[in-house]
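A lone chain, given as structure tokens: the form predicted alone.
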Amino acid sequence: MNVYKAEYIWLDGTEPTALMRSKTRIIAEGQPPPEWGFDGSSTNQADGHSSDCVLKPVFVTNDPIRGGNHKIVLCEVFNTDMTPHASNARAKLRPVAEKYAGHECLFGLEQEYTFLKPDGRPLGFPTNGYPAPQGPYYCGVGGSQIYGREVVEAHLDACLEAGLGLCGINAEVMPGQWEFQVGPLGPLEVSDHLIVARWLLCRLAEKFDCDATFDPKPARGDWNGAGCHTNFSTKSMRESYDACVAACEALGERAAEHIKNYGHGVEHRLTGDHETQRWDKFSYGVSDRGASVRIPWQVARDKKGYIEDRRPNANCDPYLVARVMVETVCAAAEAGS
């Protein structure tokens, strides 16, 4: 009998930041990936006396690591009574995305991350002390500026082979720090693609004897943190600059609520330095990378487009970010119409 390997991926219940988990099921060729159980007591999603949880496939794509007809299967976590598990943030996004579907929301996510050596030091950091100050590393070239490019290229190829919506990569401001971009895609799709891309990155890093971390401040001191800048637009924003400004104003009205959903440790990254606004302040401006929300220069020129929320952490849950963004901007637009 012909079979394929299906790698089931899900987000666990670890707090304050969920971990990615995965396991393999062998399935007969031609059969779709079925629902599958797992031990929630080992993933911080159940007690030992009632430990079963359910994986429900929501996004299936080709597995570029195993190749052939093998699959990656992204799942939501459910309780055995088929209600969404408390840790299932995707289930909370679904009704919001459906409610505001008429606004035609699009996201572009800029996922920053850092490669770590087995001893926990970022790639490019010497055993004792620190590398040369920030400056030449961002979009740099050459062995004294760039660390980990071989992993980055393998990851980009894998994501494209899996059909994920990556639209670019670049080296970031700190040594060993990189970024990939996903989108523009709708709320659920961009979040799904980001999670699978994160999993592929961590999985491929295993082959290169390093780890990929989404820690928002992997190196303390005078070094840039790692974010997940969130570019967002509605149909109205893509047609009207006034709608872009109104979206910024709406985000300011719910600034504290957004910070709660933008990832653990956000206060360590959003300090007012290193191209950030403080976590407890809100501002927006044209071409201002020191603001909470940036209006790109070409948007101000064209009088239409999108905005960039610079507050989400690299370790954010994209389903939470997308939910609160859609809720805030679209509800305000409807209230003002």
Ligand code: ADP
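Given the structure is predicted, the values throughout are model-derived calculations rather than measurements. Numbering starts at 1 and runs along the sequence shown.
Separately, the form predicted together with the named molecule exists; it is not shown, and the next lines address it.
- Proximity of K99 to the named molecule in the model of the complex: non-hydrogen atoms within 4.5 Å are absent; the residue sits far from the partner.
- With a 4.5 Å cutoff on heavy atoms, G108 counts as touching the named molecule in the model of the complex.
- Looking at K92, you'd find every heavy atom of it more than 4.5 angstroms from the named molecule in the model of the complex.
- At a distance threshold of 4.5 angstroms between non-hydrogen atoms, V182 is in contact with the named molecule in the model of the complex.
- Taken together, R238, R294 and Y306 are fully in contact with the named molecule in the model of the complex: each brings a heavy atom within 4.5 Å.
- Of the candidates Y147, Y113, Y262, F232, F232 is the one whose heavy atoms come within 4.5 Å of the named molecule in the model of the complex; the others do not.
- Only one of R289, H70, H268, R278 lies close to the named molecule in the model of the complex, with a heavy atom inside 4.5 Å, and it is R289.
- The stretch among 153 to 161, 183 to 191, 82 to 90, 201 to 209 whose residues place heavy atoms within 4.5 Å of the named molecule in the model of the complex is 183 to 191.
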